[in-house]
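To begin, one chain is listed below as structure tokens, in the form predicted on its own.
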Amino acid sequence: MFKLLNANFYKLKKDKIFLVMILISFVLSLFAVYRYQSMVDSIVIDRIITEYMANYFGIIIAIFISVYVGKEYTGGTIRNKIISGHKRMHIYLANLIISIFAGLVLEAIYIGTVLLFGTKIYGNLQQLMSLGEIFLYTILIVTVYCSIYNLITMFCSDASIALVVCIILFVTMFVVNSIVSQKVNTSKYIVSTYYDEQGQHVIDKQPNPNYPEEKELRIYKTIYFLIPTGQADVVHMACSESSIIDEEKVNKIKENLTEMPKYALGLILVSNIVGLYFFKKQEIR
């Protein structure tokens, strides 16, 4: 196992696709800091820090894993490792670990760059989570993405097929999340404010007719928490500037932050057990 990891880390340092992804992450961080300058009074740095994970990381790591791990099939590396006596479980886990490491490096570059330049413009963290908590959620979501994409890539003997499948999967999850998140994050009440005839400020709170029923909401939440795009959206929502002024939204976000990790950990466990099972059965040519 140690030899496999050592070889993977050595290969990663010279991998061109990884260097490209590092550059892209760095450019995206600078772009994120720049694009919100006109909204400096309403945007908090927490939102910028988590934007990469919510919008870009899934597609970037999908391309990296499908190409980096997929090359082991096209180059015959996996076959040679098996012939050399390495256990299939060790081969699978070594690729998973290097994928998670690469994902965390890309996240660290983005977050570090945003903090370096962004705190001078937008100030320090202001929202529901500390930087340490953001890092912990980031590690969790990176591991979920890598577990899923590593499963797909290790199952596909053709790197190009793995690349297409991973990209299609991300796009599908992104679209599903955009639909489901609206239902999950719908406010239970419609709040309107106005001044009455006496000039008194009145807050009118009416039930939202579009709010899902309990069973329907539970289904939406399950889908939302089971897909990594939804998990990343939970963290991103907790770091949006609007959450600090809406008590209902704050309570809902806190509830989501507590519930979501259970689904993420379950997804990590199941995807890796399934991946190991099929990889052990797979015929390597």
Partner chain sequence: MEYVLEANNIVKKYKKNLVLSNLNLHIEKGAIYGLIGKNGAGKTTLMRVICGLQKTTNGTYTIYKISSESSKIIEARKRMGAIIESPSIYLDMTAEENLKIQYKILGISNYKSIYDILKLVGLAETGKKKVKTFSLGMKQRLGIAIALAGNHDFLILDEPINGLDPEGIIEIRELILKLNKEKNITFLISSHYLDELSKIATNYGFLNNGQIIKEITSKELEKNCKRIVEINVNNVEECTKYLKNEKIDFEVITDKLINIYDKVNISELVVGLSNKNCVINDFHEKEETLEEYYINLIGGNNNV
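Quick caveat, the model's predicted, so the values are computed rather than measured. Numbering follows the first chain given and starts at 1.
Missing here is the form predicted together with the partner chain; even so, the following discussion is about that form.
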Checklist entry - Is K81 close enough to touch the partner chain in the predicted complex, meaning at least one heavy atom pair within 4.5 Å? => result yes
Next on the checklist: Is it the case that G75, even though its partner is missing from this view, gets within 4.5 Å of the partner chain in the predicted complex, heavy atoms only?
Outcome noted: yes
Checklist entry - Taking the shortest heavy atom distance, is K87 within 4.5 Å of the partner chain in the predicted complex? => result yes
Next on the checklist: in the predicted complex, is there a heavy atom of the partner chain that lies within 4.5 Å of any heavy atom of K183, even though the partner is absent here?
Outcome noted: no
Checklist outcome for this item: Partner contact check in the predicted complex: of 64 to 72, 225 to 233, 28 to 36, 252 to 260, the stretch with a heavy atom within 4.5 Å of the partner chain is 64 to 72
